[in-house]
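Only one chain comes next, encoded as structure tokens, the form predicted on its own.
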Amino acid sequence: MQLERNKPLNAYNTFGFNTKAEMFVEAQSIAQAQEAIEYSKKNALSLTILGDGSNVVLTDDIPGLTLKMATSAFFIDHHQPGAAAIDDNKASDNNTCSVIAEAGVNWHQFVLATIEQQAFGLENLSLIPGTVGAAPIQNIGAYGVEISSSLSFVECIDCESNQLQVFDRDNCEFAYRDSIFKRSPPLQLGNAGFTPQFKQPRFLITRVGFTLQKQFEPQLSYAALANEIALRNLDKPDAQTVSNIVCDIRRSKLPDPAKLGNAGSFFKNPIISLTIQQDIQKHWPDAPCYPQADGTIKIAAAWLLETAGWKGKKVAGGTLGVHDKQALVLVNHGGGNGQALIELATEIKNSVKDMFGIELEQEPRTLPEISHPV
């Protein structure tokens, strides 16, 4: 385990904010991650887990030890049915295959590799930034598909015992942009009367298993994707074509973090009651609302921000603002900082609350604080 002190993190967060980690380590294996966890405990250091920094706002330097999983292997077994098939007593099912990826694998490159190796089901999740290890925490989703639909298990280190633990899909308690890994409170360690208290995340994801399909069936429930395929006159698009179209749509709406600092969608799409929906549509009949299975309504957060007048606005001397093509994306035009960005996000939330009576929820994690991979 190689520790670095005062590690600059501007290259480790997609906003490009200039902060530092007091101590930093990249774990190349599960054993190294366990060593880092043990080291932080022995030295009463708070532990922060960092992925690719694509879902985080760094507001200051991070105290204690920051750990990044740098494991990068994945395995696709076409001869082994996926775990979900086995759980359903379908061990003889030849339509699925088992896929296992380590936490540090880049998510988009992983999706492209599954397509290349004829393992299907993740195409709609192309070009989502981040790592495989971070994906289950948010239950990432796009264009009508969530990771929970293909995931079979999550292996993680329980930081309390520093031992491996495996969660099957049901035990992950997935919900919209949520999971047990996101909801689990941090460990509060140390005795306040004798030694400084410090925090650790409850879980550190190490590997993720998937059940993917051997035969490709496009998932076109999302209107924007289906419409784009129809416009291109594609009757039977293959998996690579669907992935390419998803990438085209995302690039047309979302700025490249390498060119303009951002963390993608900054707010979740709110879930509202039928009563609130009806009240909104009295004033805005075209408000994009989507009925949910439980009787609630999902409303597009981007529409709320745009209707409230935030699209394209700049603040903090022009260093920060709202993207001019997608109101859901907050951006760093250069020279901005995380504290000012959170102030902007708070102002946006207050204006939406005042105008629509809807409380927006921030998607990216704010650091420093105890964190899941982001």
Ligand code: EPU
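One rule holds for the numbers: they count along the sequence shown, beginning at 1. Source: prediction; values computed, not measured.
The protein also exists as the form predicted in complex with the ligand; that form is not presented, and the subsequent description refers to it.
- The partner is absent here, but in the predicted bound form a heavy atom of Leu254, alone among Ile180, Ile100, Leu254, Ile297, sits within 4.5 Å of the ligand.
- This chain lacks the partner; the member of Ser265, Gln219, Asn244, Ser72 within 4.5 angstroms of the ligand in the predicted bound form by a non-hydrogen atom is Ser265.
- With a 4.5 Å cutoff on heavy atoms, Pro237 does not count as touching the ligand in the predicted bound form; it lies far away.
- Mapping the unseen interface onto this chain, Ala302 counts among the residues with a heavy atom inside 4.5 Å of the ligand in the predicted bound form.
- Under a 4.5 angstroms non-hydrogen atom cutoff, the ligand in the predicted bound form has Lys325 among its neighbouring residues.
- Residue contact check for Trp284: none of its heavy atoms lie within 4.5 Å of the ligand in the predicted bound form.
- Heavy atoms within 4.5 Å of the ligand in the predicted bound form belong, among the stretches 267-275, 210-218, 111-119, 226-234, to residues of 267-275.
- Taking a 4.5 Å heavy atom cutoff to the ligand in the predicted bound form, the contacting residues in 283-317 are Pro288, Tyr290, Ala300, Ala302, Trp303, Glu306, Lys311.
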